[in-house]
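Before any questions on binding or motion, here is one chain by itself as structure tokens, the form predicted alone.
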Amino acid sequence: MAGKPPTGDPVQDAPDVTAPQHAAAGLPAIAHSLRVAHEQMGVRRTALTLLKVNQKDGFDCPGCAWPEPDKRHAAEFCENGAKAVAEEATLRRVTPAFFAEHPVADLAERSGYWLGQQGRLTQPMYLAEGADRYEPVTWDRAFDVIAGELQALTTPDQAVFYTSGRTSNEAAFLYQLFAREFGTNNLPDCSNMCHESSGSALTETIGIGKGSVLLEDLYKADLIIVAGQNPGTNHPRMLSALEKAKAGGTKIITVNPLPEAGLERFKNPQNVRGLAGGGTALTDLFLQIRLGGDQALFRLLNRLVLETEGAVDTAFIAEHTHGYADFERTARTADWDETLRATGLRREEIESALRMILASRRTIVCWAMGLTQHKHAVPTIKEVVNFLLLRGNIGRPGAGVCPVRGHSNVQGDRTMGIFERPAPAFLDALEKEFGFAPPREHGLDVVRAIRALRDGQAKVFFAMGGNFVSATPDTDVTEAAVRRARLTVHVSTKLNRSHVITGAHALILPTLGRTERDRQHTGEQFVTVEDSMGMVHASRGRLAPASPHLLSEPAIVCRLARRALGPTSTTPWEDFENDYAAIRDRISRVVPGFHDFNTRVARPGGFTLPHAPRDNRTFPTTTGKANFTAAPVEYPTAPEGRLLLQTLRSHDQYNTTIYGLDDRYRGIKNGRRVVLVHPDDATALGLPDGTYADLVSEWTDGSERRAPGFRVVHYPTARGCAAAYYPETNVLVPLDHTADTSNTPASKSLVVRLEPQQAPA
């Protein structure tokens, strides 16, 4: 039998701390995966469910977006994937009786971990205006409430339609179609908070805001640079791909302020060497960079390549690029002393990296939020593109850009039109296919949506999945903004904090998960997803739904659209709900690359979307070529007595979902309120290991933000830098502290002081 959810909220600010580990996965990962799965699902359900994760006839893991190989292991999942599946397929249930027992004020005092551990939502729940707790409501009543509020708006732009990355292609396409037929482009999504900087930089430089490599390219690469990314926790199956690349002779450079166990050594739980042997050492060169120094590093590397005779691919540059002269002139001014200050690296370390770069004909650069969440994130990623263009490393097998996306269909959602700034060509195709004029004015991204709620300009907030309140910056400001809404609606599988920070009235709409069968009038349905490398494949749930009262995400959108838009809509919403193949037929005529969608996705493994820079070295930019850029070098600095803080995940966490209170690889157990500080920095600040401190972020306008009660952990991070988990530290990030161009919250380089406090009682 599966265990019961916790009744008391565990203390999270008094952790046990041991030395960090230097290898990831192995037998401990298997043991932990099975323990969590058994607690949530029981033995039989665990076996039935995990063996279908990421299989060609199974369901896509609701965790990360890392692609699956064509030949798959029987256990094609990682530890964190097993946790994600276990929490969705759990036998724990949140019934109306739970809400009757717990007023919203009580739930608001609980931790996100406790809320998530209660189990699956089973019925639509409604918090009436002035009420103190949610009560069960019929689906018809729920749609009437939402339609009534939408129809009462002065303008459609007073509604915000948010999307998380787990929404399927079919649901995302319907969702954006409904929002645009309603009359708004207010379609913020979780990309705004993570990889928007990647999309902005790549669209300008190579013409497509996605990565240019496929999984097999990693195996062909001579050199892979992993910058600002921790695959051991965030994309563990990537470690298997890196191990295979290493076996073929690939070299790996890791660029990160923190040493990460998975990139040091990987003990693959799918083979004997990983279980009984020493595993595989992955990193050949570790560059322990200061926070935000990546642009300066790649700028100097570009200068050094330019100064090396024969290192530049002049033929590729002449035929396929634009802006080289300005780039070259700027790159040659890169300064050694400034770079060493910005990066904290030694000259000999950078020279070692250069030798590996010059020895490589095929180079891939992978990155994640360690690059995308700085104020200068977009020019940093543009400098990475410069670095690859300089030696012809885009459009060559085994080479290219590899932004590693987070949630499992976050890239697919954007492909389906979840974007506040849609391309005119997409809107033209939508208009031609559905016969209405979609709005052309740009809508609100996440940060602008919070401002609109704060200022009373947005009245209805509808979230298709996710945990908006916990995922966003400036926690106090965001929560106050959400509370100003007339109505908040969340389509969810489990409880989270966003359900207890509500508008004047609120709805929770329970939906099917990836693991569950989806039966509609025409029979059993499947949905599709797009992985981080542009592969589209089917996902088929196998479990019975957690409750007979659940609706699928496509069904929720279709029924809401029929109610809110009324008989004037000519879109066949009922047909779409009954048969998802009808949705895919429409997608095939609107979204490039999806021709013959139903036929091609029926093939085991699905199909690959076209990518012109990768496929034939053509670049759909404004110049028709790949664009070199020449931005000034930027990097954050901290005054004396201050540190640069980055927010990050623990190993028992995926995005804002907290699976447990341990961070095994970093030696943290039974707690989350920790701040990792280099021992020399901590000593200079008078903070012995085990001291408690408030984290206080400081801003040029004189304002401060405070996160209280963090245990100081002496940790081998880069000098001058510190790290702590989000969402606990989101309170430190002002709403207006965002990346230039992309408007992504800049959570990776906060200037903070640590104020000593008494240890918690």
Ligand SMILES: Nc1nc2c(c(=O)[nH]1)N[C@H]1C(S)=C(S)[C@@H](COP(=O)(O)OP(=O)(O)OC[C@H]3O[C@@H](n4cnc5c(=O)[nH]c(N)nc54)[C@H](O)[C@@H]3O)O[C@H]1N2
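One-based numbering along the sequence shown. Small disclaimer: the values here were computed from a predicted structure and weren't measured.
Quick note: we don't show the form predicted in complex with this ligand, though the next part is all about it.
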{"item": "Residue among Leu300, Leu388, Val557, Ile289 with a heavy atom within 4.5 Å of this ligand in the predicted bound form", "value": "Ile289"}
{"item": "Answer option from Val255, Leu202, Cys402, Leu223, heavy atom within 4.5 Å of this ligand in the predicted bound form", "value": "Val255"}
{"item": "Asp445 within 4.5 Å of this ligand in the predicted bound form, heavy atoms", "value": "no"}
{"item": "This ligand contact at Leu107 in the predicted bound form, heavy atom, 4.5 Å", "value": "no"}
{"item": "Proximity of Pro269 to this ligand in the predicted bound form, heavy atoms at 4.5 Å", "value": "no"}
{"item": "Partner proximity in the predicted bound form: Asn730 to this ligand, non-hydrogen atom cutoff 4.5 Å", "value": "yes"}
{"item": "Partner-proximal stretch of 627-635, 603-611, 364-372, 573-581 relative to this ligand in the predicted bound form, 4.5 angstroms, heavy atom", "value": "364-372"}
{"item": "Partner contacts in the predicted bound form for 478-492 (non-hydrogen atom within 4.5 angstroms of this ligand)", "value": "Val491, Ser492"}
